[in-house]
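There is one chain below, alone, in structure tokens, taken in the form predicted on its own.
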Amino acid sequence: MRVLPHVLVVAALCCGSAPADTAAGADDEVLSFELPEPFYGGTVISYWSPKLEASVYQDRKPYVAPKGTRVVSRGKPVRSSAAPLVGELAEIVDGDKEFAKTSLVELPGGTQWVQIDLGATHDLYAILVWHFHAGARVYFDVIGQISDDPEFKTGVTTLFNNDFDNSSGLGQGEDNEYIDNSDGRLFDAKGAPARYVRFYSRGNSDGDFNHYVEIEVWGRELGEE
């Protein structure tokens, strides 16, 4: 059972993220993420699960990657498992991360995915995802995968999976649920090569629909010095 109505969870102003390697070498640099303005208001939710991570009130650790690592997802083609109910898929990679409803793309309920085609295989590092940050929500069955196969049938690497009860049928995940906020959630691809990036979700603590404000993929084209 995922919802305990008498338990209140205060939303984090900034939350934890995947661990980042902060040991910079001569050929590395700290990535500089452009973050949207936070939304102040409506930050208390009534949700609890045994896999909901504790709120962390501190800045995200610097993320170090090889020099030349940059946003490689901006303006790239996006497809999805179902047509959006609100917005257009192109908005997921347009650089607009604001909390306004005009920045939001809404997909139907149930397990849905969005997929970015980077156009070529890249060494991937930080992948930041903003589902929704005009209030506190937990999105369910968040699964992040990368592959060179556009159908995600072969060579699939799973970066994150918090579907702890396997309700989406892609395998039970060991990662924690988390509360979205304006920092976005960082998923660490650790330099793994792939052309396609896919994220799943299955509704959220406020409703059945699935949402994305932005997905930002940082990487370098394969073999790039």
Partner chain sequence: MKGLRIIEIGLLLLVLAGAAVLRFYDLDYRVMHGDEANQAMKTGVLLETGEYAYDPYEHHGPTLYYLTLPVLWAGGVTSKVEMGETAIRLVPAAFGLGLVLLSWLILSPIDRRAALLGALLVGLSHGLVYYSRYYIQETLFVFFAAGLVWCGFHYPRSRRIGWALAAGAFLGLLHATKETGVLVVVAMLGALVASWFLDWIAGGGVGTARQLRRENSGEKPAPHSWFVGLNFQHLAAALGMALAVSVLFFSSFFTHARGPLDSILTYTTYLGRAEGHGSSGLHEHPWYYYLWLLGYYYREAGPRWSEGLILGLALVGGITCTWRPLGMRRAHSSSDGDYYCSTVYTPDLIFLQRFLLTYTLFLLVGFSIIPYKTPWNLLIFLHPLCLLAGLGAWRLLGASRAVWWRAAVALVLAAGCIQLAGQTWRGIFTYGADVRNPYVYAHTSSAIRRLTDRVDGIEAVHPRGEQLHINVFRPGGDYWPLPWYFRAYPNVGYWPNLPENCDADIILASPETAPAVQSRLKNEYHVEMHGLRPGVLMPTFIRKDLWDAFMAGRTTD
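Keep in mind it's a predicted model, so treat the numbers as computed, not measured. Numbering follows the first chain given and starts at 1.
Below, we refer to the form predicted together with its partner chain, which is not included among the displayed structures.
A heavy atom within 4.5 Å of its partner chain in the model of the complex is found for exactly one of 178, 196, 160, 47: 47.
Of the candidates 56, 192, 170, 156, 170 is the one whose heavy atoms come within 4.5 Å of its partner chain in the model of the complex; the others do not.
The stretch that touches its partner chain in the model of the complex, counting heavy atoms within 4.5 Å, is 162-170, out of 61-69, 29-37, 183-191, 162-170. Taking the partner from the other structure, its partner chain in the model of the complex has a heavy atom within 4.5 Å of a heavy atom of residue 140. Remark: residue 101 counts among the residues lining its partner chain in the model of the complex, judged by a heavy atom distance of 4.5 Å or less. Heavy atoms of residue 86 reach within 4.5 Å of its partner chain in the model of the complex, making it an interface residue.
Mapping the unseen interface onto this chain, residue 207 counts among the residues with a heavy atom inside 4.5 Å of its partner chain in the model of the complex.
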